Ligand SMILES: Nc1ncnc2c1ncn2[C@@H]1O[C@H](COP(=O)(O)OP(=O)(O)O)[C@@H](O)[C@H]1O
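This document starts with one chain, in the form predicted on its own, laid out as structure tokens.
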């Protein structure tokens, strides 16, 4: 289980985002909905330990992850999180298979690669270099790379952003079916996908933007 309490992050320009307290139960799926800029991706990055909140706590199975040092955060992210980044984070000059097999360096068993590639309809692309793939194909490779770790937590930042509606629905279905009992938290702008998740959270209501100093000098 993951909970957040009194979470707030301030940026270098003086602006900040304050979040209402949240709870994500193990084995459940969550869609984070809301307008661009309302703090959805920032929340994912804090849950992953990529960003550190200015105030508040993130508890993971009872431990305050904000108190972990960087080595502990990195170890948890490698071991326990499958992160599907909006910009994929794939190596363009390498093949699909090589991008996934790089996880072996982290101790990940990639024996299920062909099965996952097949389920997402891209097994035929296994030996193709990433630079030759479309945006939607890269998206599905990134999803396979996250799922193959069988992580306790799957974070997905706009996992259907480069896909048409039909393919996007199929990908969300595969994400949910292959979560393997882990917690899935997905950012999406497409409210039509919300009913497929156990819970849909309106981040416009949960996160509050705090402007930096303006002309009147107030924060």
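All figures in this text were calculated on a predicted structure; none of them were measured in a lab. Positions refer to the first chain, counted from 1.
As for the form predicted in complex with the named molecule, it is not shown, yet the points below apply to it.
*Asks:* Since the partner isn't included here, can you check whether the named molecule sits close to all of 17, 38 and 41 in the predicted bound form (heavy atom within 4.5 Å for each)?
*Replies:* Affirmative, all three are within 4.5 Å.
*Asks:* Please identify the residue among 25, 13, 21, 210 with any heavy atom within 4.5 Å of the named molecule in the predicted bound form.
*Replies:* Flagged contact: 13.
*Asks:* Partner absent here, but in the predicted bound form, which of 175-183, 147-155, 190-198, 28-36 has residues with a heavy atom within 4.5 Å of the named molecule?
*Replies:* Of the options, only 28-36 has residues within 4.5 Å of the partner.
*Asks:* Going by the named molecule in the predicted bound form, which residues of 90-108 come within 4.5 Å of it through any heavy atom?
*Replies:* Residues within 4.5 Å: none.
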